[in-house]
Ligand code: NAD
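Heads up, the chain below is alone and in the form predicted on its own; it's given as structure tokens.
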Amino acid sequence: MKIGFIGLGNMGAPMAANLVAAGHEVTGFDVVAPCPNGVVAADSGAAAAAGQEVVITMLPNGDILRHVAAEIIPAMQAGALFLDCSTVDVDSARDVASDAIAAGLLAADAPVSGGIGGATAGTLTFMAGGSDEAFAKAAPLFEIMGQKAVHCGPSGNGQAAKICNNMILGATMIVTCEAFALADKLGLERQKMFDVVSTSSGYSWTMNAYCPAPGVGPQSPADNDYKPGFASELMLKDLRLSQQAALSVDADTPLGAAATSLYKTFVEDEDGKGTDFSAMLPRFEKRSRS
């Protein structure tokens, strides 16, 4: 395929590189980041989008997505697919998809899970919203950039799935870190804690696959001084999106709201910015109940 790729940062660049390695012709644009090897550089988003069969965006937020969409939709050829892989608010995803469809394009929102490592290895999970036709056109590209793609329903549902998943993830990481800090003060060795919880009813992804305690369980950012696999500020972004969505549909999410508040404090008022979201553990180690 001929593919335009707009947004070549930490996630977008390896995704575009994997498409090139698979034999696709990729033209890219980013306001700051350079194009990876094999990606042809364009001088604007519209230039990267013109004449392409698929245009992929990987952008920081909904406002930027709306701005880029307004630029590239008029430049795209009829029948092309606008595939947005950003994590943004549901309303922005649905509005951009509506504009694309009105212009005679296919549209899908497909945020990802798996982080920079997954983007590099081509093992991302895509949560896609859009029509059956849009999903079918994107499917071969999902197979290159990831290991799984789930069609979650109409436009915006990919974003809905992503923020619901990450609301669970954020709250679960907090309580996992709290439990390790409590175990420390009760005199329970961390390895013993892991051995019990990882095979009992406390089993979770944050315990078993991404354990926040260094030297316990599989390798994780905790074993690399909490250098981010998924940064705390990105978790805060996703939690804020979850609460924005909850407000828009009048959903009661008290634990999601509490997790958002804790990560806000950690990132904005403490030393959490630039650390992995599992660095909540050393935070709780240093705190008393008061």
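Residue indices: 1-based, along the sequence shown. Computed from a predicted structure; not experimentally measured.
What comes next is about the form predicted in complex with nicotinamide-adenine-dinucleotide, which is not displayed.
Engineer: Whether Ala245 contacts nicotinamide-adenine-dinucleotide in the predicted bound form should be assessed with a 4.5 Å heavy atom distance threshold; does it?
Structural biologist: So Ala245 does not count as contacting nicotinamide-adenine-dinucleotide.
Engineer: Would you please decide whether Tyr226 lies within 4.5 angstroms of nicotinamide-adenine-dinucleotide in the predicted bound form, comparing each non-hydrogen atom pair?
Structural biologist: Tyr226: no contact with nicotinamide-adenine-dinucleotide in the predicted bound form.
Engineer: Heavy atom to heavy atom, is Leu59 within 4.5 Å of nicotinamide-adenine-dinucleotide in the predicted bound form?
Structural biologist: Output for Leu59 is yes: heavy atoms within 4.5 Å of nicotinamide-adenine-dinucleotide.
Engineer: According to a 4.5 angstroms non-hydrogen atom cut-off, is Gly274 in contact with nicotinamide-adenine-dinucleotide in the predicted bound form?
Structural biologist: Taking the distances in the predicted bound form, the answer for Gly274 is no, it never comes within 4.5 Å of nicotinamide-adenine-dinucleotide.
Engineer: All three of Lys2, Val39 and Gly104 touching nicotinamide-adenine-dinucleotide in the predicted bound form at 4.5 Å, heavy atom to heavy atom?
Structural biologist: No, because Lys2, Val39 and Gly104 lack any heavy atom that approaches nicotinamide-adenine-dinucleotide to within 4.5 Å in the predicted bound form.
Engineer: Just one stretch in 47 to 55, 217 to 225, 234 to 242, 251 to 259 has heavy atoms within 4.5 Å of nicotinamide-adenine-dinucleotide in the predicted bound form, so which one is it?
Structural biologist: That would be 234 to 242.
Engineer: For the stretch 1 to 26, I need every residue with any heavy atom inside 4.5 Å of nicotinamide-adenine-dinucleotide in the predicted bound form, listed N to C.
Structural biologist: Stretch hits, in order: Ile6, Gly7, Leu8, Gly9, Asn10, Met11, Gly12.
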